[in-house]
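Just one chain follows, in the form predicted on its own, and it is written as C-alpha cells.
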Amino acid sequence: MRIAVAGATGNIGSLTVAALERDGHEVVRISRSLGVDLVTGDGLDDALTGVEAVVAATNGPAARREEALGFFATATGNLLAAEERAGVRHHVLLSIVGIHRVEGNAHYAGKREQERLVAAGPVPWTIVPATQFHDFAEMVASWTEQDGVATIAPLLVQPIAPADVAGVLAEVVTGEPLGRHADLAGPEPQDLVDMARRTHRARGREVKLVPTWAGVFGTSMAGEVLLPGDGARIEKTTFDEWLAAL
C-alpha cells in the first residue's frame, strides 16, 4: 500500500515509518521539515497523491489551551480535507488514554478536538488511544530540571514502548476502519516519579525528583484516570526491558 505518515519525523512517526517499510509498504513522510505543512496546507495535496491510508501521529503545543485547540483544529481540518480530495480510504489517529476524564490540561483539550473532528469527518477512521510511552517520565522531568533538581507529578500510568505503539499503528492502518480501537497499553502499571528516577540512573545521571501536583499535571490526573479501560490491548514490552535496551 501507499501510506502517508503525518508527524513522520517525530518519535512515534519515525518508528511507524520504519515498521511500514519493513512490511514492504510505500511510505510518504509528512512533516514541516520535509516541506509539507499541516497548518498552512502547503504541500499536502501533492503528498497525498495516490495515498490509500494515513497515520496521524502529529504533536502540537501544550502550554496554552487556545494554542493547542487552534493547532489541532487547523492541522486536522487541513489533513482531512486533503485526504477527501485524494480519495484516502482510512485515517488512523494516535490519541491518548484518559483524555476524556481529565479537565484543565491544554494538550488533552487539543486532542479531544482532534478526535471530534476525525469522528465527524469525511474519511473512514480508526482512533487508537495509547497510554504514556516508556520515555514519558524522563521527558516530563526535563521540563523543569534545573541544577540537578526537577519537579514531577506522581502519576499512576501503564506505559507502553514506543516501538510497540508504532507496530500497532502499522497493523491497524493496513486494515479496515474500526472506529474507536481498544485502549493500547503496556503490561504493568508504574509510578511516574520512580520511572524518571530509574531512567536517569540507566543513563548514568542523578537528578533529585520532587513530587508535586503544582505543575502541568494537576490532581484531576491522580488515581487511575490514566490507566487503560476494560478490554484494553496489552502489548508485551515491559518498562524494565525498555530500560535494559538504553
Ligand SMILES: NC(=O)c1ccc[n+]([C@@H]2O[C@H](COP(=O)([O-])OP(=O)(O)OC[C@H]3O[C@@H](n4cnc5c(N)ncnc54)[C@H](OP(=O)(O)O)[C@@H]3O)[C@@H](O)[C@H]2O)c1
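Start at 1 with the first residue shown and count on from there. Keep in mind that this is a model prediction, so the values were computed, not measured.
Absent from the display: the form predicted together with the named molecule. The rest refers to it.
Engineer: Could you confirm whether Arg32 comes within 4.5 Å of the named molecule in the model of the complex, counting heavy atoms only?
Structural biologist: Taking the distances in the model of the complex, the answer for Arg32 is yes, it comes within 4.5 Å of the named molecule.
Engineer: Quick one: does Ala182 come within 4.5 Å of the named molecule in the model of the complex, counting heavy atoms only?
Structural biologist: No, Ala182 is distant from the partner.
Engineer: Is there a heavy atom of Ala8 lying 4.5 Å or less from a heavy atom of the named molecule in the model of the complex?
Structural biologist: Contact check for Ala8: yes, within 4.5 Å of the named molecule in the model of the complex.
Engineer: Please determine whether Thr131 contacts the named molecule in the model of the complex, using a 4.5 Å cut-off between heavy atoms.
Structural biologist: Thr131: contacts the named molecule in the model of the complex.
Engineer: Tell me which stretch of 172-180, 117-125, 89-97, 145-153 has a heavy atom within 4.5 angstroms of the named molecule in the model of the complex.
Structural biologist: Flagged stretch: 89-97.
Engineer: Can you pick out, from Ala196, Leu38, Val51, Ala68, the residue that has a heavy atom within 4.5 Å of the named molecule in the model of the complex?
Structural biologist: Going through each option in turn, the one that passes is Leu38.
Engineer: Can you confirm whether Ala57, Phe136 and Met139, the three residues that make up this candidate site, all sit within 4.5 Å of the named molecule in the model of the complex, judged by heavy atoms?
Structural biologist: Per the other structure, all of Ala57, Phe136 and Met139 touch the named molecule.
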